[in-house]
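Quick setup: one chain, the form predicted alone, written in structure tokens, and binding and motion questions come after.
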């Protein structure tokens, strides 16, 4: 079989034309479509990567915010606990102080009431002692209480003349204080005793209606006295000592 060169050439030309046509109108659009699709996929993958990165960043920020809120909540709870404890301590301290103050006030009131009772008892005892003394002196020796007091003072002046001179210093005025006015006869006895013990000394008399029965003589820094209160105080001391002894005996 013979080969027709013209036919072969024509077939070759047709094949090349077909290849060109296919490349120009078929393959190129398909390749362009594939390239565009790949670019879209790449853009979507890049967008997805950015979205994932943003999501991870948002999640990290969310976790950080949760940790911050937890820390703030713990701090707020701790602060509230400290404030509650401080307030509780302050209230307890105030309550203890108020209780102590009330106890001290009640104790002071009891002590004051005891003192008032003792003072009333003291005044009643002194009044009873004065009345008994007056009666005893009147019944046994026909002597008044004032006369007995003056006699006692005069006898003590004689014995204490040296001490009174030393304590009187430059003072030359003796002050005699009584609850009532002394009769002139008794004043004369005192004046005589004072001048005898302390020559050159003037005697001045004063009265204090509220004081107990008795007499006090003051000369400079020295004071000589005899009052019913002294005896009542002595009697009270004896009673207190006896009560304390009884209390110790009961405790033993």
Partner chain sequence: MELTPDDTIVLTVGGFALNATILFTWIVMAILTAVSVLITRNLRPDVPPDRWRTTLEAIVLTIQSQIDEISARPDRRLLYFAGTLFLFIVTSNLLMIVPGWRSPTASLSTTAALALAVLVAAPLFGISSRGLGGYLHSYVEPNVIMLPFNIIGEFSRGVSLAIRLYGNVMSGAVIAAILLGVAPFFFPVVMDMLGLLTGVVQAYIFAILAIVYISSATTPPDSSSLPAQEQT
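Residue numbers count along the first chain shown, from 1. Fair warning: this is a prediction, and the values are worked out from it, not measured in the lab. Each form is matched to the other, and the largest set of C-alpha atoms that superpose within 1.5 Å is called the rigid core.
We do not show the form predicted in complex with its partner chain, though everything after this point is about it.
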Handout entry: Partner contact for residue 35 in the predicted bound form: its partner chain, 4.5 angstroms, heavy atom
Key = yes
Problem - Partner contact for residue 54 in the predicted bound form: its partner chain, 4.5 angstroms, heavy atom - result: no
Handout entry: Proximity of residue 59 to its partner chain in the predicted bound form, heavy atoms at 4.5 Å
Key = no
Handout entry: Partner proximity in the predicted bound form: residue 64 to its partner chain, non-hydrogen atom cutoff 4.5 Å
Key = no
Completion exercise
With a 4.5 Å heavy atom cut-off to its partner chain in the predicted bound form, the contacting stretch among 181-189, 36-44, 219-227, 202-210 is 36-44
Handout entry: Within 4.5 Å of its partner chain in the predicted bound form, all of 11, 23 and 27 (non-hydrogen atom)
Key = yes
Problem - Core superposition between this form and the one not shown, C-alpha change of residue 40 at least 2 Å - result: yes
Handout entry: Core-aligned C-alpha movement of residue 188 between this form and the one not shown, 2 Å or more
Key = no
Problem - Core-aligned C-alpha movement of residue 209 between this form and the one not shown, 2 Å or more - result: no
